[in-house]
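Only one chain comes next, encoded as structure tokens, the form predicted on its own.
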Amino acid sequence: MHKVGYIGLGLMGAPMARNLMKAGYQLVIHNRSRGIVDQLAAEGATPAFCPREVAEQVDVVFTNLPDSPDVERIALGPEGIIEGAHAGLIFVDNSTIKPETARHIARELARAGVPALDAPVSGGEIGAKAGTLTIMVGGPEEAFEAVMPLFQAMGKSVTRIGDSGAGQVAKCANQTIVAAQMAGMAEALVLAQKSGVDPRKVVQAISKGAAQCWALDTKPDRIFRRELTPGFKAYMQHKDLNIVLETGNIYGVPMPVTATIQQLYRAMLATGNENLDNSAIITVLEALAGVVVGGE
């Protein structure tokens, strides 16, 4: 298994594709915007002009796309992956989409003889570049085992959760906790600032105790410097929370905390800050409290 396709070369997809190339795999690539395609082609990848053309040439085809309709269209639509189906092809989706969409795509591709893995990732752009992503996978075990060496080129933690859709359910759980961390951290830092206490000292004090978490480990210094460029864009966090809440509704799970945080992200998007980092949810709370964290 040496020839690999990658479709969707955005903030996450491009570095993940590069890590596959660094691991020695021949890459066939496709993306709506051609600039990144040209860059990767200059690094040794082979461009293709539609998903079908990618699928026809490879053993495994990855997608990394914004939302459920995008993945469904690329996988099953005209000139899609299903039209390039052939014996031995495996489909892997690194996007974050609805579990029910992942299951639908898997059923349709199975009819064409293509096993499908839903394999969303966590770790942001930093993890994508470093090859240290957490990858949560749903789908057939045989396909999972076949793709494992490719997963290991992109991530440090790879877990098969269960059958099709299970990876996306795990990502829903992940995004629930990530969003709660971002909102909780934002409230804590705004509280410290508004109370006249140095938020840097507060972080120093609490980051090794029971409050320790990934958000507190990675985000405060950037917030203090007002470096809010995205590792993971706020509008994508909002989209993911919509998926979480819809999934909770399907299975009858009340999610009041997540619903409140989703509204904070919606307020952030309404202010035009949708392309900032998801940690920039703090700007909504700063505006309400009338302070800027790290400011005088």
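None of the values given here were measured: they were computed from a predicted structure. One-based numbering along the sequence shown. If you superpose the two forms and keep the largest set of C-alpha atoms that fall within 1.5 Å, you have the rigid core.
If you look for the form predicted together with another copy of the chain, you will not find it shown, but the lines that follow are about it.
Check each of Ala267, Met255, Leu228, Ile36 and return the one that places a heavy atom within 4.5 angstroms of another copy of the chain in the predicted complex.
-> Contact residue from the list: Met255.
Taking another copy of the chain in the predicted complex as the reference, which of Ile90, Leu150, Ala188, Ile82 has a non-hydrogen atom within 4.5 Å?
-> Residue within 4.5 Å of the partner: Ala188.
Is there a heavy atom of Leu285 lying 4.5 Å or less from a heavy atom of another copy of the chain in the predicted complex?
-> So Leu285 counts as contacting another copy of the chain.
Give a yes/no on whether Glu142 approaches another copy of the chain to within 4.5 Å in the predicted complex, heavy atoms considered.
-> No, no contact at 4.5 Å.
Do Gly77 and another copy of the chain share at least one heavy atom pair within 4.5 Å in the predicted complex?
-> Close contact is absent here: in the predicted complex, Gly77 is far from another copy of the chain, nothing within 4.5 Å, heavy atoms only.
Proximity of Pro47 to another copy of the chain in the predicted complex, heavy atoms at 4.5 Å = Answer no; every heavy atom of Pro47 is more than 4.5 Å from another copy of the chain in the predicted complex.
Of these, 106-114, 90-98, 69-77, 160-168, which stretch puts a heavy atom within 4.5 angstroms of another copy of the chain in the predicted complex?
-> Residues of 160-168 come within 4.5 Å of the partner.
Does any residue in 147-184 get within 4.5 Å of another copy of the chain in the predicted complex, counting heavy atoms only, and if so which ones?
-> The stretch 147-184, when checked against another copy of the chain in the predicted complex, contributes Ser157, Thr159, Arg160, Ile161, Ala166, Val169, Ala170, Cys172, Ala173, Asn174, Thr176, Ile177, Val178, Ala180, Gln181, Ala183, Gly184 at the 4.5 Å heavy-atom cut-off.
After fitting the core, Leu150 CA displacement of 2 Å or more between the shown form and the other one = No; that C-alpha moves by less than 2 Å between the shown form and the other one.
Using the core for the fit, does the CA position of Arg200 change by 2 Å or more between the shown form and the other one?
-> It does shift by 2 Å or more.
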